[in-house]
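A single chain, nothing else alongside it, follows as structure tokens in the form predicted on its own.
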């Protein structure tokens, strides 16, 4: 039997969020971040106000009430970080705050192939720990919500998924929705991920998870527990430019601005997680685990501007440095370069500018209406490649 053809109204820009695999396909024209961008309206609906573009923190990181750097005192075994996201999901079920947690497990055949599910037990949430760095149809399970009698839901997801979810949330029949987001940038298809691993890691078949870290290196964790570090500047840019999904190259919601609570790493010092509490619902989620966390100050130091401009030019020209030069540069930049929130701004500047140029070159008719006002202001601070 042939698989059922999939509807993809966004065509090449589809992020595979899963909405169009459900009965909510009829709302895709308005819900899809790559067909109709209306993040400012959704910010007001989710948080009660839009971000303040004259406040640099809100310009870059979205509406928020508090930011923290934190980590679990007792890390969750096997978690990608210390397990804050997984623990919030488990506690939400244990306390009866929600009936289910929308999260992403892995296929039994392949650890990097996502399997969205509505977890009903803490054990199911725990089993879903570790990021799957591929396009994931999280919302493909939405039709199961009424069928399972779910009235209170915690949804975990990335920006494109959450924009679609926020657009249709009033049609889901829920009494309450809690949204726990993670920052996201540069996802790939499963075949694209394999090309990235084969091109970059010394042992692609044993990689358990990886992350682009604050020390300007990619950290690959392998099955034997070893950590392999590859400097950003040594990547085979010419080969890898082709693996990123067009949706990710057209995205301006790195920080998941519509989530109630965001847990990531890019705004924190190495070894800590960055938490953005956007509203009172986000505070309620963080309160589930607050007593299990250590906190430290969110810092910002160094200067990002030179690194941003060099990175934009190097990417656009597909520059790949000799590995010894890349390692030396990484050591220097780690010592004197941007840290904490300034590193986060470096990453946002670099990706927003790259993505603006991508849309400008490939979808010029969409440029003005697709790029949000906050992203236009951020990009205007940088020099675009010719």
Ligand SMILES: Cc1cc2nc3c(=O)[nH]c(=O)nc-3n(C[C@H](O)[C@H](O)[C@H](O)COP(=O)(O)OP(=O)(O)OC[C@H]3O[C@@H](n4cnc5c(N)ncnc54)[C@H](O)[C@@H]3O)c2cc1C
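Numbering follows the first chain given and starts at 1. All values reported here derive from a predicted model rather than from experimental measurement.
Just so you know, the form predicted in complex with the ligand exists too; it's not on screen, but the next bit is about it.
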Select, from the options 194-202, 132-140, 283-291, 229-237, the stretch whose residues sit within 4.5 angstroms of the ligand in the predicted bound form by heavy atom distance.
132-140
Checked 94, 110, 211, 144 for heavy atoms within 4.5 Å of the ligand in the predicted bound form; positive is 211
Considering the ligand in the predicted bound form, which of 153, 298, 245, 104 comes within 4.5 Å of it through any heavy atom?
104
Is there a heavy atom of residue 254 no more than 4.5 Å from a heavy atom of the ligand in the predicted bound form?
yes
Residue 182: heavy atom within 4.5 Å of the ligand in the predicted bound form?
yes
At 4.5 Å between heavy atoms, is residue 80 in contact with the ligand in the predicted bound form?
yes
Would residue 273 count as a contact of the ligand in the predicted bound form, using a 4.5 angstroms cut-off between non-hydrogen atoms?
yes
In the predicted bound form, do 53, 67 and 163 all put a heavy atom within 4.5 Å of the ligand?
no
Taking the ligand in the predicted bound form, which residues of 356-370 have any heavy atom within 4.5 Å of it?
none
